[in-house]
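Only one chain is given next, in structure tokens, and it is the form predicted alone.
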């Protein structure tokens, strides 16, 4: 939530930052702002050029910004906001300055104790309702009252903040840029000549056009960029830290639209390739983690939102394939299970970004009980990866749409592979998933998409949609509901098919849309009966199934892929949600009130 990009180097800094912000828009798009440090030759009374605007930054060009940021700067910081404290206004957009106008700050996360800090800064003039604005004023106060230099003041200010956050501050007098991290990601990018060009960002995609060489700021650390290069140190002790350079192997094109109207539909179509990429894992590593599952005294699969639903799928997969009982837990609720944890417990944490705050806190709880943690991730070098004892990459490539699609099916693929490995059937699992990947490649064709578009036209005015499933596909019914909720703002609810008679049937009226996810397995006949119950009460039945049935009013065919059915059954709903959104004039890449990376609780 919220995106930060900073640059110091020999290029026009505001231009670099503007383009970086566009790549971070999925992290927040309520408002945006840029602060550029004037060259030394500029008027000392106006050390910063600042522009702040409400709305998305995607359509803004350099000519527009150059009118507001005059002169050529070589140091700049930008921010795209997902609002938490204070409404969506220019005053609340970042950056925020201190009273003197010499310290500028952008911030990601939440300052839990901002009210207490603000109360202690009574003489300072605040211009916004944000928690962020206390940071530049606190730095100013520490420099004035305690006579600290800028770096020492940033360190003490960062240590004073409570909650998960990260910020970048610029001092116009010393011309230093300082970045501090407490739980929320910040990454340093280094150009070929690492002593001349530096990037600081929430996400590597912000500067991937320029470099794939990165250094990570870990929790309770800070980095300082000035004319002499970059230095890392501890926020608590102040001791200098040495960092290694890591190369990120994401292709720039994976973060571009490549001719598609939206990232979402591009990423849906990329599942032709990403499912196969996901199962390209090290057999020895898969078998080692499978052995961990077999020997663990209690295994917990933990995730949030869509990742939480993939964990639920895993719960069914392990029961059905390997006869293992595992526990699927929503990450924000995991602390309630800490009383069961022992050093023999295993946690498998799932997250696309590897930066999800609730999952990171669940990992902290697990680590406090000496639990072994294995993470399933899509972003190499993420906080979760570095906090885990081991990890798997799902290899889906950059996912720019807020709504997760290709990462979801990649996660399910790896979890399916792990379930088969736990049963001693790794090669059988690989063959199943290779066949599923091939079937998805055949399914995702223009004719199939056109059929779903026709259904979207029928559903575009529907306010409510129900989705039912059983067994492996009950979690997929829940995930399908999430896809419709976040993509096209449809009130959608997922249910286990057998639960209809325990309440939901009371909501069925003539024309009520109900998606029935029917796999060709032991749940098939019961699911057909459940769909018939809805139809008998006037419901309009959309069947997602390998075979047509007379109970279906509209049929979306999916491949018959056995235990890989959750992978193929979610894809038609992803496409359906996309086309309903487009018909409603909604930008499917950027749902209202949501952000891609949830770094706040």
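Bear in mind the structure is a predicted one, so any value in this text is a computation, not a measurement. Positions refer to the first chain, counted from 1.
Beyond what is shown, the protein has a form predicted in complex with a small molecule; the following relates to that form.
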Should residue 406 be classed as touching the small molecule in the model of the complex when contacts are defined as heavy atoms within 4.5 Å?
no
Even though the small molecule is not shown here, does residue 84 get within 4.5 Å of it in the model of the complex, heavy atoms only?
yes
Given that the partner is absent here, does residue 185 sit within 4.5 Å of the small molecule in the model of the complex, heavy atoms only?
no
May I ask you to state whether residue 130 is within 4.5 Å of the small molecule in the model of the complex, using heavy atom distances?
yes
Only one of 440 to 448, 292 to 300, 74 to 82, 386 to 394 gets a heavy atom within 4.5 Å of the small molecule in the model of the complex; which is it?
74 to 82
Counting any non-hydrogen atom inside 4.5 Å, which residue from 108, 487, 473, 271 sits next to the small molecule in the model of the complex?
108
